[in-house]
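Presented as structure tokens, the chain that follows is alone, the form predicted alone.
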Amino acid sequence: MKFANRNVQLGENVRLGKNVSIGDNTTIYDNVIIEDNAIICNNCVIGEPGRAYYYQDGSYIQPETVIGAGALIRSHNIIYAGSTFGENFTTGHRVTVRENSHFGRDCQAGTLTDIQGNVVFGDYCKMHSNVHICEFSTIGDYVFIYPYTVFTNDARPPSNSYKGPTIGDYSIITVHCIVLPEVQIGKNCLVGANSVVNKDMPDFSFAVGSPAKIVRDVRELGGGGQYPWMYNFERGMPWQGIGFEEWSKK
């Protein structure tokens, strides 16, 4: 590990891998694991305790938090205890990830993203800036979520019953969308800008509008050939350089 900076606070049972960098004014709470080659930038909090730590008796036990190898956590991030992040997790600035959030490998959370905890992300998920993900959401692999999109989980607010959306592999939610509670969006779907999704979408659907309506199969867009997008986009994907079709044969 290397501490090139000042005022770094480490809790108990913190385990740091090889070549870990931690920036100025960063606090690492108890039971945090930061794996090899990770970078934690200035003014971050890793392993922020849950509510029970502050408001209940001494029975609180700090859960383990794991930051995977090769992560880049930029400045002013707050990551709560009990969350796990696969290798190469990357954030923008001022990202909040609440407790019990679980990410696969090579995921990205853009600046000012707010993840409200108890969520599951697959691999290679990309959230752009100003995305809000509600509690109890489930997101598959290779899902792209664009700026100012909001997921919701309370169908009859205020209530005590919460269930977030479920998003299938390779689906894309574009800018300024709202996805309502319990909605299930299938695989290879595309949600157009400014849409409010209040009903389930089967695989390969293109939906747009408020409320969103399914207007066609994504494979028909642009005369065909643009979607599924994996055959036409490879930057940062595991099939870069060989193509999705060849990669998927492995």
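Numbering starts at 1 and follows the sequence shown. Quantities reported herein were computed from a predicted structural model and do not represent experimental measurements.
Keep in mind that the form predicted together with a further copy of the same chain is not shown, yet the notes after this line are about it.
Novice: With the partner left out here, if you bring back a further copy of the same chain in the predicted complex, are 119, 163 and 188 all within 4.5 Å of it by some heavy atom?
Specialist: None of them does, since no heavy atom lies within 4.5 Å of the partner.
Novice: Taking a further copy of the same chain as it sits in the predicted complex, is residue 66 in contact with it (heavy atom to heavy atom, 4.5 Å or less)?
Specialist: The answer is no: residue 66 has no heavy atom within 4.5 Å of a further copy of the same chain.
Novice: Residue 95: heavy atom within 4.5 Å of a further copy of the same chain in the predicted complex?
Specialist: Judged by the heavy-atom cut-off of 4.5 Å, residue 95 is in contact with a further copy of the same chain in the predicted complex.
Novice: Within a 4.5 Å heavy atom cut-off, is residue 29 in contact with a further copy of the same chain in the predicted complex?
Specialist: Taking the distances in the predicted complex, the answer for residue 29 is yes, it comes within 4.5 Å of a further copy of the same chain.
Novice: Does the 4.5 Å heavy atom contact test between residue 90 and a further copy of the same chain in the predicted complex come out positive?
Specialist: Residue 90: contacts a further copy of the same chain in the predicted complex.
Novice: Going by heavy atoms, what in 143-162 lies within 4.5 angstroms of a further copy of the same chain in the predicted complex?
Specialist: Contacting residues: 144, 146, 147, 148, 150, 152, 154, 156, 157, 158, 159, 160, 162.
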